[in-house]
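Just the one chain here, the form predicted on its own, laid out as structure tokens.
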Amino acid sequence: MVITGAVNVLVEIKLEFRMEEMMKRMKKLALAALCLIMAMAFLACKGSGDTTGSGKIKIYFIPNNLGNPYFDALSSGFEQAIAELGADKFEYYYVGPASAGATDQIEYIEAAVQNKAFAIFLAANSEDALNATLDDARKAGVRLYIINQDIPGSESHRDAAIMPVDFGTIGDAQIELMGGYINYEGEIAILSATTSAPDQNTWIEGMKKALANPKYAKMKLVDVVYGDDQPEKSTTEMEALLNKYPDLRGVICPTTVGIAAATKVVQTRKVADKVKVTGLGLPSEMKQYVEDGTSPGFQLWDPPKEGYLAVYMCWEEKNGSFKPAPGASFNAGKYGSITIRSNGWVMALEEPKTFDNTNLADFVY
């Protein structure tokens, strides 16, 4: 009986020990599961691309290419808005390729996604070559906005587009400006950026349609050439136009790099009285050429305003109830309330401004 009792006591002790071990293991498993759930929740928040993990809003601006003063001006608008709202609340990256090839921006978009961007603002180099990359970025939770243009035919691959101006007005405005400078008659040419640039192609088509107006019947478009938004190639193309068309009366350059290069060629050759150069230019770069009479004038909009609107849109989306959908409005600081149009456009201006000796001194970008 004593032996049997002792055995029973040992069994009970052993069972009690096992139960205690099981309880310890269950506690460990529960703690591990809780840690796993918390880690997954953290990664989900990080993967959505809404902040850097430090509470800052991470914004990327990827231009057509770096080294272009136009995009430097646009970037200054991002910086201005960030300074107003608080530099400690943002991480801003202005990165991009050296050239404006159709697919040159892909690696920069992918890097921004890997770096958990909240939003990417892209001046796309193609209407459709980036679609798969844009889709991947949005699936990762990144807001994808086109800026300074749109991607015609591929609008479903972005969230919205910040437009510098109503592009439907550019073709007519450029042809009318040139017509006034050459008395509405003579041969003209277009010096563009790249063959795949969506904005350039839209404007060129608009110019061709405008020339069908009987008002411009005596104006003849003889050539369209491309300087790839590179000063050297734009210079070479302008030289070739002057050599190929001795009766050329004017050249329209819907690119800030192209117009600066073309105007410099006219200045060097001293043919400003014969060949008029206009287009889309930066006041800071064109001022000298307008003042000395090399260019009678040019057009543009307000590039810094685009970047400014971009930052405020992100701020409102992160901190308010705003969502980037047609009809939705957001507070844009000094510009007041801005509403997204039915086509997903956030419009900076309705039509381009004309710059000449009468107003050039008032603009510094």
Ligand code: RAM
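Note that the structure is predicted; figures quoted are calculated from it, not measured. We number the residues from 1 along the sequence you see.
The following text describes the form predicted together with alpha-L-rhamnopyranose (RAM), which does not appear among the structures shown.
Screening 108-116, 175-183, 67-75, 265-273 for residues having heavy atoms within 4.5 Å of alpha-L-rhamnopyranose (RAM) in the predicted bound form returns a single hit, 67-75. Only one of Tyr289, Trp203, Phe90, Tyr145 lies close to alpha-L-rhamnopyranose (RAM) in the predicted bound form, with a heavy atom inside 4.5 Å, and it is Trp203. For the residues Gly96, Pro254, Gly227, Gly250, the 4.5 Å heavy atom test against alpha-L-rhamnopyranose (RAM) in the predicted bound form is passed only by Pro254. In the predicted bound form, alpha-L-rhamnopyranose (RAM) sits within 4.5 Å of a heavy atom belonging to Leu300. Though the partner is left out of this view, Leu134 does not reach within 4.5 Å of alpha-L-rhamnopyranose (RAM) in the predicted bound form, counting heavy atoms only.
Residue contact check for Asp199: one or more of its heavy atoms lie within 4.5 Å of alpha-L-rhamnopyranose (RAM) in the predicted bound form.
Taking the partner from elsewhere, Leu280 is found to have a heavy atom lying within 4.5 Å of alpha-L-rhamnopyranose (RAM) in the predicted bound form.
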